[in-house]
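As structure tokens, one chain now follows by itself in the form predicted alone.
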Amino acid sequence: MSGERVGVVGGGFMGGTHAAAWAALGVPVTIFAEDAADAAGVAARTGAATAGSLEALIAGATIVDICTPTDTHAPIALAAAAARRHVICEKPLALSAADGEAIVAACAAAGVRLFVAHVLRYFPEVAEAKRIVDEGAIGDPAVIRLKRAAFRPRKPAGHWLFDPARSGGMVLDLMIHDLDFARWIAGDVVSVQCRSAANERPELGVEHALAILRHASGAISHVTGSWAYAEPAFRTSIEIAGSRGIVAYDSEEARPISSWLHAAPASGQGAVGIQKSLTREDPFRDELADFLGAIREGREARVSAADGLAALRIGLAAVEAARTGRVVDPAEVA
């Protein structure tokens, strides 16, 4: 077994989630956050060590796992690549296609691996839908309908998630999960149309969008994303219609297995809505285990750097289409 050491950058919800998953995999973790108290809190919960600076974290790691606001992804990833560290980056890969391409190119030039954490591909219902399509059970995918609807994140005014210049907004932060899934099912996307309540009626303070993707295969995807539901709602649904049948899933009808344990901490909906797994398996741990295995074994992971860049381009095309009312080709976004 090789001696990987993971440096997690970011002490927020996702940084803590990744640190806990690495700990479950038995991989040594060090964490750095701009707010030292955030890093200390994650370390106390997960047994991670802490670093006093980003430079120290990168120097002591073999894998740098980026769980910071989206606008910081590119400089951190480029610094890690320059130090010849493997890079794992939370989705979306960056805020622009140019930055995404720069990250991919830097990692390739340094001879290190790059993985974009599109964790949706590791949820059992999503993986099973993909398996059914791949085995040809429903024929050629023709119409795909995906929905991801949640409450507005429980964050203070001015939080980076609510600043499109830092997060890309709901489309790039939340909806990108299903934009990536649609491409995983039906192949490359050649045009995107999108309508967004945030663009059409900004005075309402509602973020809800519908995108229509046209795939090179001829398939059409309808993707809905929302931060407009009442708390604590978080609903997802999948419908893939092909030439020989349909595969479907709705979180309102298929509940995950539940357990109530005396030793469990007080429960409750977190500040950000998150999809539940149908099983006791942890999709975040499974995702990182796949990335770790790909590094150790020299194989491909379920999500490639190219997948992450393609999803970013589709998301940016949806943002541009919502802003302008135009049909946008993902290949043309900057």
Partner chain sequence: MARLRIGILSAAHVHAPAYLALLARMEDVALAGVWDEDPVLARERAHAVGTVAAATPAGLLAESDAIVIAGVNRDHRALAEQAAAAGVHVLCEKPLATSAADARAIIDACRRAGVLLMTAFPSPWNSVVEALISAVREGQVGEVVSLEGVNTGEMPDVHGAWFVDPALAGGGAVTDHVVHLADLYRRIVRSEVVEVYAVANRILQEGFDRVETGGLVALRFRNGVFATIDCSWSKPRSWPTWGGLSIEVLGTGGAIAADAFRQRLDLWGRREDGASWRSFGSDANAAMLRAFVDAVRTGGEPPVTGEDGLRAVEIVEAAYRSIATGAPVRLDPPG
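All values derive from a computational prediction rather than experimental measurement. Positions refer to the first chain, counted from 1.
The same protein also exists as the form predicted together with its partner chain; that form is not shown, yet it is the one meant from here on.
None of A79, A228, A106, L161 but one reaches within 4.5 angstroms of its partner chain in the predicted complex through a heavy atom, and that residue is A228. The partner is absent here; in the predicted complex, the one residue of A83, A127, A165, V143 having a heavy atom within 4.5 Å of its partner chain is V143.
Heavy atoms of V327 reach within 4.5 Å of its partner chain in the predicted complex, making it an interface residue. Proximity of P75 to its partner chain in the predicted complex falls outside the 4.5 Å heavy atom cutoff.
Its partner chain is not shown here, and in the predicted complex it never comes within 4.5 Å of any heavy atom of D188. Contact check for R152: no non-hydrogen atom falls within 4.5 Å of its partner chain in the predicted complex.
Stretch 239-247 is the answer when you ask which of 239-247, 97-105, 153-161, 116-124 has residues with heavy atoms within 4.5 Å of its partner chain in the predicted complex. Contact here is defined as any heavy atom lying within 4.5 Å of its partner chain in the predicted complex, and by that definition not a single one of S251, I295 and R299 is a contact residue.
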